[in-house]
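Taking the form predicted on its own, here's one chain by itself in structure tokens.
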């Protein structure tokens, strides 16, 4: 494993207002991922798992602590620079796929390259699509795909620009057991081939097995699971 640090989180704190009170969701959380390392996070609903992913991606700002992604302290970046850094270094996989309904599978995957100002990359899209078993589906709209097929498109979109870090939020949560297993096998191999770090939130211990470490988010901090 490379000694390069993909993600370094130190003393992370985040609170939210709930009714008339302030709820501290993350309480001085620390987390480090080296390049190529994969970490799974489990925890109860409302523990702050998705909040952690949003902060790691720079989609939210912490109340305290630092998030360093691919060597840059995200808090030191203004919004345009943060958007560029995220587009270059982060791939996102969601439970509900988050594909654009009006774009074909090919165009959804290609979108990540366009966001990085990369053109003429159709060969790269087709190579990754072939690896994920999407060869014959690239001209279809999301509405014409099954749940497993849509998630494979989402995985391809997350990996196509070879990000430093992939953040996956319950990537198999909406899939049946057999489909989830197939998707995980493909996700696992594609991540290995890309060499990205992976931070995955999941409720499924089978999904967590593709990771090097399993942790639990409890009372605002990470602990061994």
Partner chain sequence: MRLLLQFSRRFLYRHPGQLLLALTGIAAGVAVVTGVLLLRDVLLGTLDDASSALSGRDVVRIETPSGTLDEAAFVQLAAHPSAPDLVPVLNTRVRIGNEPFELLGLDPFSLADGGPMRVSGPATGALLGQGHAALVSPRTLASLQRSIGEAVTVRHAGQDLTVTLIGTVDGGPALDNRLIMDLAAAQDLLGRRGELSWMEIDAGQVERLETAIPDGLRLSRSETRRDSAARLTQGMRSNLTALSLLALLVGLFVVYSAFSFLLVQRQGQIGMLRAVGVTPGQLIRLLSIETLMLAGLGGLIGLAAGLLLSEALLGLVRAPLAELYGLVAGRSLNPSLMMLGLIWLATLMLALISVAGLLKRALAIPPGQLSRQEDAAGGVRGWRPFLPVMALLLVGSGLILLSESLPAALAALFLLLAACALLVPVVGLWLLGALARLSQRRLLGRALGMLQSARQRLSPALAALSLALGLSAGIAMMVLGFRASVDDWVDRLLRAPVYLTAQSGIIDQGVVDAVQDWPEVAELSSARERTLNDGRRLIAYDLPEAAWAGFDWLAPTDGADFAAFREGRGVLASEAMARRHDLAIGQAVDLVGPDGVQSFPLLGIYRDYASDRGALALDAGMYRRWFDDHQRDSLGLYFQPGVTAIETGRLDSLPGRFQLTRREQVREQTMAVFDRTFRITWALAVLVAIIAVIALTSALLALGLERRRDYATLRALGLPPAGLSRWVVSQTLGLAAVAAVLAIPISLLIHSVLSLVIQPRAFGWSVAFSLPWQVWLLLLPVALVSGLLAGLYPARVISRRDPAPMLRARA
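Residue numbers count along the first chain shown, from 1. Note that the structure is predicted; figures quoted are calculated from it, not measured.
One more form of this protein, predicted in complex with its partner chain, exists but is not displayed; see below.
Annotated contacts: 50, 99 and 141 all touch its partner chain in the predicted bound form [non-hydrogen atom within 4.5 angstroms]. Contact check for residue 84: a heavy atom falls within 4.5 Å of its partner chain in the predicted bound form. Using a 4.5 Å cutoff between non-hydrogen atoms, residue 135 does not count as a contact of its partner chain in the predicted bound form. Although the partner is absent here, residue 77 sits far enough away that none of its heavy atoms falls within 4.5 Å of its partner chain in the predicted bound form. Mapping the unseen interface onto this chain, residue 54 counts among the residues with a heavy atom inside 4.5 Å of its partner chain in the predicted bound form.
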